[in-house]
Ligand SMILES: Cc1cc2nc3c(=O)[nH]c(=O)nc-3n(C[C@H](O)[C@H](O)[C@H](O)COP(=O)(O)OP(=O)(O)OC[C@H]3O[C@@H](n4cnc5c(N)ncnc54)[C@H](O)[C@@H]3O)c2cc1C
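Encoded as structure tokens, the following chain is the form predicted alone, with no partner shown.
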């Protein structure tokens, strides 16, 4: 069966791409391995759906390449304000917290997924669920995709929005990376990012569940690697929250040890 455009992955990126392509007049097929669209979106923001932040900027992103120039061009065309306005066209009303986080007015990730699913149906996007990708093959004028227990599909254009390897239980298992390598793409080594930081918490058991704002400084033998400021959550196995999540990629890239994390809880009371 031949398609015009196939988009692999029905997460926020894949669904948004499908809607923009369909609204531009393309015939779009959205393929997802899970039994529903937006599966990982349901767990964002502790079920409230953290949609964006008005403080995002190119310089806040980390990349092994000089990504800032093209990121600046992307944000100039479609930034957080544009996103909020576009979500409104889908029937999603939002509100912003004092520190810039954008949530749906419903405080429900389920309502966000339902709004996207309805928008896909209205736009005429064909959605194929429970399709586990096994192969991608170059063919004349396009690609052929093989699936487990399903008929193969052919398309003229292919967009990959399958995510990374961050949440295997929700489908992000990294299966697509070896397939892309076979097509000739280079693969940057995968490391954990935007995640919690595991620590020895035996001395801090009584703080489990407490959250507060803090400044987190990551050092490698007294050399400052990075510093962030944000909400911090004490857990049984380590630290969570934006304050350390923004540092986690640095921790992952220095797995040899020697790292020290300093926390400052008196940000507004320093002399």
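Numbering follows the first chain given and starts at 1. Given the structure is predicted, the values throughout are model-derived calculations rather than measurements.
The same protein also has a form predicted together with the ligand, omitted here; what follows describes it.
For residue 94, no non-hydrogen atom is located within 4.5 Å of the ligand in the predicted bound form, even though that partner is not displayed. Looking at residue 176, you'd find a heavy atom of it within 4.5 angstroms of the ligand in the predicted bound form. Looking at residue 161, you'd find a heavy atom of it within 4.5 angstroms of the ligand in the predicted bound form. At a distance threshold of 4.5 angstroms between non-hydrogen atoms, residue 119 is out of contact with the ligand in the predicted bound form. Highlighted residues 54, 85 and 230: none comes within 4.5 Å of the ligand in the predicted bound form, counting any heavy atom. Only one of the listed residues (235, 217, 29, 34) places a non-hydrogen atom within 4.5 angstroms of the ligand in the predicted bound form, and that residue is 34. Considering the ligand in the predicted bound form, the lone stretch of 236 to 244, 220 to 228, 199 to 207, 37 to 45 in range is 37 to 45 [heavy atom distance within 4.5 Å]. Contact annotation for 3 to 29: residues with any non-hydrogen atom within 4.5 angstroms of the ligand in the predicted bound form are 8, 9, 10, 11, 12, 13, 14, listed in sequence order.
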